[in-house]
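Next up: a single chain in structure tokens, the form predicted on its own.
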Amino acid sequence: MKSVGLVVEYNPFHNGHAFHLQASKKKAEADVVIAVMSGNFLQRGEPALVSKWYRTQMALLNGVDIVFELPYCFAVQKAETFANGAVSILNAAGCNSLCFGSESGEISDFLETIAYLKDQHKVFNENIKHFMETGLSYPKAIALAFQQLPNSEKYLDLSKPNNILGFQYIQAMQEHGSTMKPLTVARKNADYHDEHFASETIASATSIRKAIFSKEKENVNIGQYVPGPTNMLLQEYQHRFGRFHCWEDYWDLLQYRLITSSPEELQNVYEIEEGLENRLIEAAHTSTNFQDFMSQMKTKRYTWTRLQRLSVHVLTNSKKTEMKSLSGNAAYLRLLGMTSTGKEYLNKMKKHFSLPLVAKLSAYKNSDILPDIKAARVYAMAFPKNIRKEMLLQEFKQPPIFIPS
């Protein structure tokens, strides 16, 4: 069975994702679609709109055959670490190819740019260091450092978010010596960060989330931008739990963590450096909500995304020693869900997997999975009190979701 791997968040699954999924399957001539999906906290340092279990159902009902969880120590990370974790999982699961969305849409752009940067490696790194010293953020420094290289306009635009991720996927594949074939599909209509609907059927996840949170006030309908199963599951989630998740649900917990921690304690939390611990404590004392807190913390050097990721790590009390020891390569394949086709693939291929397959959490004793459990329990704290106990236990009780093909 020929398989294609996708790296996803599906926050939520929308028509653009459906296009990417079907185009990837066609381009790879694949029988099976395997998705590596972030858990309850995402790469940009945000809680997922709905839980990983509901997003798994969205994926399976819309054409994915197997969903593996991208562990917390890779999911809430910069692009390089995020990509490395995802590639190590797809590699271990025996994927024949990896297909990602990009602004470029041409795989040759990525391969040529990677080869070019190997030749320009020393100058490129010197340029990055120079721009960082001027107080710019790391992503901005990379984009400007690349633009300073000779003939850079002939190569990939590394200021675009999906191009950056695709670049990191292929670099990770080369570093792993992966036999997976890299493929890319051009993004359709909506840019990654678009906050407004740009067409009649395709919209970014950002604009969809914004509409979901504002629809009570503005009577917005997202039905034309998401497949039927997504719309159904979103309605069910809101009816069952009374909410969709956003950072403000966790502000009280984050504020408590900050105002009860000493600067020395915060110095041990992943991504806190250069005296940020003192600014975090000061901002926590004077902020009334998460938006206010972020506005106080934001600088030219520290992007909104970087600060959100850092805040997630404070919320989950993720230590530098813990994160650095786990974020080399994935240690397991956590199965969240499968279709009949996916089950057939697993039965045929699992003996060839290079990592242990975890279907029942209680049977897996390795401590590497503890950050995922902790993150899921923190995520559960936003649920109403009458069902919080159930959600706190769900990591151990929930079997992989099965959807007949």
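Throughout, we count residues from 1 along the sequence that is shown. This structure is a prediction, so every number in the text was calculated from the model and none was measured.
Not on display, but discussed next: the form predicted in complex with a further copy of the same chain.
Note that among 348-356, 371-379, 27-35, 59-67, the stretch whose heavy atoms approach a further copy of the same chain to within 4.5 Å in the predicted bound form is 371-379. If you check a further copy of the same chain in the predicted bound form, you find a heavy atom from every one of 251, 255 and 392 within 4.5 Å.
The partner is absent here, but in the predicted bound form a heavy atom of 284, alone among 284, 234, 335, 205, sits within 4.5 Å of a further copy of the same chain. Among the residues 297, 89, 314, 323, the one placing a heavy atom within 4.5 Å of a further copy of the same chain in the predicted bound form is 314. Remark: residue 319 counts among the residues lining a further copy of the same chain in the predicted bound form, judged by a heavy atom distance of 4.5 Å or less. In the predicted bound form, none of the heavy atoms of residue 115 sits within 4.5 Å of a heavy atom of a further copy of the same chain.
a further copy of the same chain in the predicted bound form is not approached by residue 200, whose heavy atoms all lie more than 4.5 angstroms from it. By the criterion of a heavy atom within 4.5 Å, residue 265 is counted among the residues contacting a further copy of the same chain in the predicted bound form.
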